[in-house]
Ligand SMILES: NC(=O)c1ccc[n+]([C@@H]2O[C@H](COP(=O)([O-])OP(=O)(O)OC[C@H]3O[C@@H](n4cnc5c(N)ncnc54)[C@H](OP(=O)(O)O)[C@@H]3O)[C@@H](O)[C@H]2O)c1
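There is one chain below, alone, in structure tokens, taken in the form predicted on its own.
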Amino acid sequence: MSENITTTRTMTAWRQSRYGGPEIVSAERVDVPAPGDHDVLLRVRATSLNAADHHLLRGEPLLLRLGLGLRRPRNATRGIDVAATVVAVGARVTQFARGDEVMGELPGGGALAEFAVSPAARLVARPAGLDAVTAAALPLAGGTAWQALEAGAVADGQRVLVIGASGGVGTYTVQLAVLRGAEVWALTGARSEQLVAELGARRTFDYRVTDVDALPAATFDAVLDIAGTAPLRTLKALLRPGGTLVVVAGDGGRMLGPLGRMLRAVFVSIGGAGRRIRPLAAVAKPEVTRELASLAAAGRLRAVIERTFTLSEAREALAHIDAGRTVGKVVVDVDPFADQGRTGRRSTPEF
């Protein structure tokens, strides 16, 4: 891509000065951050928003604030997933160079901006055949789905139930389970049943019509609970002996959030013919992001993107996530022409 380079020391970033709803964020001109020795400075191409951004925006559950900031988040800019171009590297960074296309998860966020800093170790190279919008939609949700399947030991020939199959994590979970050779049953909303079937689910159920306890008992080798609303004992009864329930999410109230459900899962898991319950606290794993990117670039994994926003529409994108009921992913395309070979003037920081 040909471009005329100028220099800049400031950038646009969407920031919050306190906890609250999407209305509290605003676009501000701030200094471009400088990378540390082990960091890279990124020109953001795209970022996808997740439930984590909703929780960080509102500071809920309240327990989160002990680590993130009591009255306001220490990192004022949301956006964890990122696809970006490296524009500067720290003194000890050897795996990336200026101009490299990368993707990954930013610790604490920061991608709802023109530039962001990330530890180099959190990033992987973006495959040449993978566009930035798709790449940005993969890391957090896809990584959570991958780790849920690992926790459930999902393997070829097994029958798996995915509860909450139409969200970002759910759509990846269905596809990755099918790629492992599993037979997938899925509980989702009526408007998403056809989509989930197209992603590979053998059977789909509208959760408003079919209660979890109406499904046949002792039927599944693994139950992956992404919705987090059904009683744990009911879900445990759906497992075959030796099966595993993976608790990905849950509502534990404003104070504890999903942690409350995960703590209950520890007690419910005791006994029960070897039926296990495993709470999942997914973490960033660049090696998993690399695998997801490879699958997507090969056309074997689809990023279901419900809607794409521009950076100027970041508040609307956050409101869309905050409202819930998103099918698949929401992406903010910060530089919509980056993958189209656009020629023009683009500012690059000078250090």
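Sequential numbering from 1, following the sequence displayed. Computed from a predicted model, the values in this text were never measured in an experiment.
Although it is not shown, the form predicted together with the named molecule is what the next lines describe.
Test of understanding: in the predicted complex, would G328 fall inside 4.5 Å of the named molecule by heavy atoms? Yes, G328 is a contact residue.
Using 4.5 Å between non-hydrogen atoms, is T229 touching the named molecule in the predicted complex? Contact check for T229: yes, within 4.5 Å of the named molecule in the predicted complex.
Any of the heavy atoms of G189 lying within 4.5 Å of the named molecule in the predicted complex? G189 belongs to the contact set for the named molecule.
Does any heavy atom of V169 come within 4.5 Å of a heavy atom of the named molecule in the predicted complex? Answer yes; at least one heavy atom of V169 falls within 4.5 Å of the named molecule in the predicted complex.
Tell me, please, which stretch of 22-30, 65-73, 281-289, 35-43 lies within 4.5 angstroms of the named molecule in the predicted complex when heavy atoms are compared? Among the listed stretches, the partner-contacting one is 281-289.
So in the predicted complex, are L140, G164 and G324 all sitting within 4.5 Å of the named molecule, heavy atoms only? Affirmative, all three are within 4.5 Å.
Of A125, A197, V178, A249, which residue is found within 4.5 angstroms of the named molecule in the predicted complex when only non-hydrogen atoms are counted? Of the candidates A125, A197, V178, A249, A249 is the one lying within 4.5 Å of the named molecule in the predicted complex.
Just one of T144, T244, T204, T85 has a heavy atom within 4.5 Å of the named molecule in the predicted complex. Which one? Looking at T144, T244, T204, T85 one by one, just T144 meets the 4.5 Å heavy-atom criterion.
Residue by residue through 294-308, tell me which have a non-hydrogen atom within 4.5 angstroms of the named molecule in the predicted complex. Heavy-atom contacts to the named molecule in the predicted complex: nothing from 294-308.
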